[in-house]
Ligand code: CTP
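Only one chain is included here, represented as structure tokens and corresponding to the form predicted alone.
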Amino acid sequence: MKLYSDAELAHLLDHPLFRLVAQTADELELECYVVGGFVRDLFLERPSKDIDIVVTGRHTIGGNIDTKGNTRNSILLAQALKKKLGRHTTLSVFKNFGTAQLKAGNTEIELVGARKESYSHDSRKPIVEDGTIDDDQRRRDFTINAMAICLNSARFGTLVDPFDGIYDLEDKIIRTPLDPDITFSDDPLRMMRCVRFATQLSFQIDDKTFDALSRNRERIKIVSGERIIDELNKIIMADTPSRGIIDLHRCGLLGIIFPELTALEGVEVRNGRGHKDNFYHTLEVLDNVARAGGDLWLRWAALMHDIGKPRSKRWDPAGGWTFHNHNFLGEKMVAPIFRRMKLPMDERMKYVEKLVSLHMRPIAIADDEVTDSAVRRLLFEAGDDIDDLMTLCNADVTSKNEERRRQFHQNFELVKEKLVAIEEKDRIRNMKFAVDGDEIMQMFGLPPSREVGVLKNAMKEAILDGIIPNEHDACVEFLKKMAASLNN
């Protein structure tokens, strides 16, 4: 972070675009300020292409005051800027919201009239009235997003920071401008945004603000699933997503939006034998995948890879705690969770299902003798997702036993070498068999039936076991022998 004087801010904003905004606003006798994320990121020395401008004051038309106030003025300023910026600039006007958007090259400018807001208890949709710049800053979510810089020529570069957001930036604190109970109760989505900003920026949430998250957590139920998942996905895509998941859990929001994940928490001990805390293990796996550069859906697979453990947990007096088939139970849980949380029910969901189902396979192979047959089957079932599966499985090794970790990684490297060698030799990934079901029916004069499936599966198993190559003549010969044995 870097602190700037008003003169330094004026120098930083000494760009033709901001100067044009200043000139146009002065001509229309309007006050305007750049606000929000652009100002925050200026101090954090982060790039920001999206520019939010707040317009205040009433424009004079033919000696008469425009009674529509700030809302109209933001659109008037946008229209005047569009004329000056020329035909390569696009203008979109949203009269119902009193906003306008300009797109000039890679830069987007959103103009809105300064406003004040009030809320009813059962909705996060505000009642909006014209307001001053102070009113507009009061309605904002956090102090670090409530700073404004004046763009009018007379005060160009002047920082307006009534809630000391600059000091919260310096101290790495997330805090609300007003009473956090009012801020979160008015618009409960701000609770998710609070955790999201803290996670993305590696900031701490102010104690009073965090306590208000806990008190108001039930209010999140009036927010649409789509808005919640948008914020949750941004948390998951942070450099260290576990920070945000833990904050959501500590304040009680996670138990409302994702109870299946919180169900993983805890360690049960019997006869002196316990199991690891699968909640914190999952977060460690998620962070490992994030460090490996995993995309959003690989991170979701990491979050859900052990989701079936609470349902599969059993006590075995001889062996201790077991979680047999938790991967298959977890696979079946993916679709209902995605549906409820408004996540996509398409190939991305199926991808997560596949990785949850298969995540134990490379580990089991690495724990045992690494056979060609086991590797062929893994390649066949994982297909093009094999590399992501291996990344997930590598991230899943969180044992604190150094010898155990060393042995696993040694075996894991052998699995990866075998994967490369067998794929080069046999082309198993997304393999199509040399003989399909239609040809099997023609060969033996069979209708679609169980017998066709038995023959086709036997051929597949023989190919994956390396008994026969995936070549037409070899497959036909095998099928004839197999059919003869079934008839005897």
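For every residue, the number given is its place in the sequence shown, counted from 1. No experiment lies behind these values; they were computed from the predicted model shown.
The form predicted in complex with this ligand exists for this protein as well; it is not shown, and the discussion that follows is about that form.
Although the partner is absent here, Arg299 lies well away from this ligand in the predicted complex, with no heavy atom inside 4.5 Å. Using a 4.5 angstroms limit between non-hydrogen atoms, Glu31 is distant from this ligand in the predicted complex.
Residue contact with this ligand in the predicted complex: Arg140 places a heavy atom within 4.5 Å of it. Shown alone here, Arg190 lies within 4.5 Å of this ligand in the predicted complex, counting heavy atoms only. For the marked spot (Arg361, Phe380 and Glu461), a heavy atom within 4.5 Å of this ligand in the predicted complex is absent from each of the three residues. Heavy atoms within 4.5 Å of this ligand in the predicted complex belong, among the stretches 383-391, 141-149, 340-348, 92-100, to residues of 141-149. Scanning Arg219, Lys234, Lys418, Arg243 against this ligand in the predicted complex with a 4.5 Å heavy atom cut-off leaves one residue, Lys234. Note on contacts: among Arg175, Arg376, His326, Arg196, the single residue with a heavy atom within 4.5 Å of this ligand in the predicted complex is Arg196. Residues are counted as partner-facing when one of their heavy atoms sits within 4.5 Å of this ligand in the predicted complex; in 267-286 not one qualifies.
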